[in-house]
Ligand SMILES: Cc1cc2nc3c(=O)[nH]c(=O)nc-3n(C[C@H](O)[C@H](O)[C@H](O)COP(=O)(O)OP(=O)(O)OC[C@H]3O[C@@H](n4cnc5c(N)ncnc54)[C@H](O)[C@@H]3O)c2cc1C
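Only one chain is given next, in structure tokens, and it is the form predicted alone.
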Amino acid sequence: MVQISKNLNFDGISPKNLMDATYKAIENFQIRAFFEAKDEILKTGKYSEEEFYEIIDTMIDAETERKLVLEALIGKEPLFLEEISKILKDFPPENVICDIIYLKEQGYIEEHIEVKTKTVIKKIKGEEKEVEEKEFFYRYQVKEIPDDFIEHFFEPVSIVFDSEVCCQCGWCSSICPVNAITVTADTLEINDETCMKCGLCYSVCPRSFSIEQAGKSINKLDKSLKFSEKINGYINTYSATTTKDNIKKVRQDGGIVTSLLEYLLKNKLVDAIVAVKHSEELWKPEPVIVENVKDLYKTSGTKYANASTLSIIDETKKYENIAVVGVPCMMNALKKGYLFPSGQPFFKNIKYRIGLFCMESFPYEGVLNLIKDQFDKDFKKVTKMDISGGKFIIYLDSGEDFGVPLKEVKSYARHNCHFCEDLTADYADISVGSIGSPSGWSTVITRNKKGDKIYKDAIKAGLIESKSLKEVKPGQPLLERIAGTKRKNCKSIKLEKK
């Protein structure tokens, strides 16, 4: 009999329907691949036997629920996610919303997209003009399923990399039960002889399928949250700066991320932090696990080259509680690793997620070429880089600074960043960036009660000076405008096997 996990309860389901759904669930290819590879998984040592059975139990529970949800929706008209969650009252609405998205990927559910155009008045360069805006409405309906239907098989994430949309976050390599995946800032390789074709890497990849509609719908269920189509759900928005002189010496903007992490470490709310620091190659970041405040300061400041930060998460299992700092695609990956395929996190020690605003990042060689081509400067003399006022700016050890319009540096950015719609790290507990706040300050978005509490506790501890983002210029209007532009310009992902 299926074991009931913490977030599922089948009390309202008849024994027969439950057994039928469970029987169908254990035919799922992911569950079968995971179970059949038990010996190889335990030999690898990433998951203990207890963890192995916990993972497979929760996968069976979640798949059983999906089969019950699917059965309940057969014959119904296309519905919004929120409507479906209200109809199916046997399960938590958050679960139902996630189930629909996963059933769509499994091939059972069809997504209907309706586009409506409306005319609005906007002020453009000081002049009011009529502009057309498109609204998208997403409804979901069970497909007509033939008798010979075969559930979609999830390809290994090499399909994401080969399609040139991989963000190199490294999450797949940390989760892979048999260590078949190796990710760097530029490459992704899968050992075909070791890979057990379980599809877990595809399930948790931020670029395999979008959870944007699920995220929005779940946030709208939480009445404690404000909601914006541009920056998603949040508790509050602030403008803040550190009060610590040591942090002011190394900060990028307001020093808020370092201040928050110092608070977490000093108050023993976490045992370690996963972030990035400069490697031995100047301006080339590398993932690092930080256990103390002294080493924490080495992670301060923005690194515009990308790093596979999540590739070292599996090395943090010895810590009871950790915080992870990363850009939006990484926060998306952590969220997907919680939602799918089981509704339980693969690493339960991730207690806090600090997200960084990101419009786009650069490959390491792109950063070096940008400095050489656009500024004709020696990158070894650069002490800081920044994006402000529509310009990319470098600061030299001579005290000089130089800037070029952002449009001049876009060609150096990573191609795969154009497939990301998220500017403000929607799935973090706290999101931090510079857009909207004055120089020397950071914009802060608290995404949930946990994030808001930690932020306010850091203020009470005297580490942060804070004010509402509404009190500063250019404030939240600029933040939402730029976030909306990124969503609007985001390219659609088409995965193609090569």
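Keep in mind it's a predicted model, so treat the numbers as computed, not measured. Residue numbers here begin at 1 and follow the sequence given.
Beyond what is shown, the protein has a form predicted in complex with the ligand; the following relates to that form.
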Quiz prompt | Non-hydrogen atom contact Val432 with the ligand in the model of the complex at 4.5 angstroms | solution = yes
Quiz item: Is the gap between Gly255 and the ligand in the model of the complex 4.5 Å or less for some heavy atom pair?
Solution: yes
Quiz item: Given that the partner is absent here, does Ser361 sit within 4.5 Å of the ligand in the model of the complex, heavy atoms only?
Solution: yes
Practice problem: Using the partner position in the model of the complex, report whether Arg251 sits within 4.5 Å of the ligand, counting heavy atoms only. | Solution: yes
Quiz prompt | Contact stretch among 432 to 440, 455 to 463, 47 to 55, 65 to 73 - heavy atom within 4.5 Å of the ligand in the model of the complex | solution = 432 to 440
Quiz item: Of Ile350, Ile394, Val327, Ile84, which residue is found within 4.5 angstroms of the ligand in the model of the complex when only non-hydrogen atoms are counted?
Solution: Val327
Quiz item: With the ligand left out of view, which of Gln344, Asn232, Thr299, Thr316 would have a heavy atom within 4.5 Å of it in the model of the complex?
Solution: Thr299
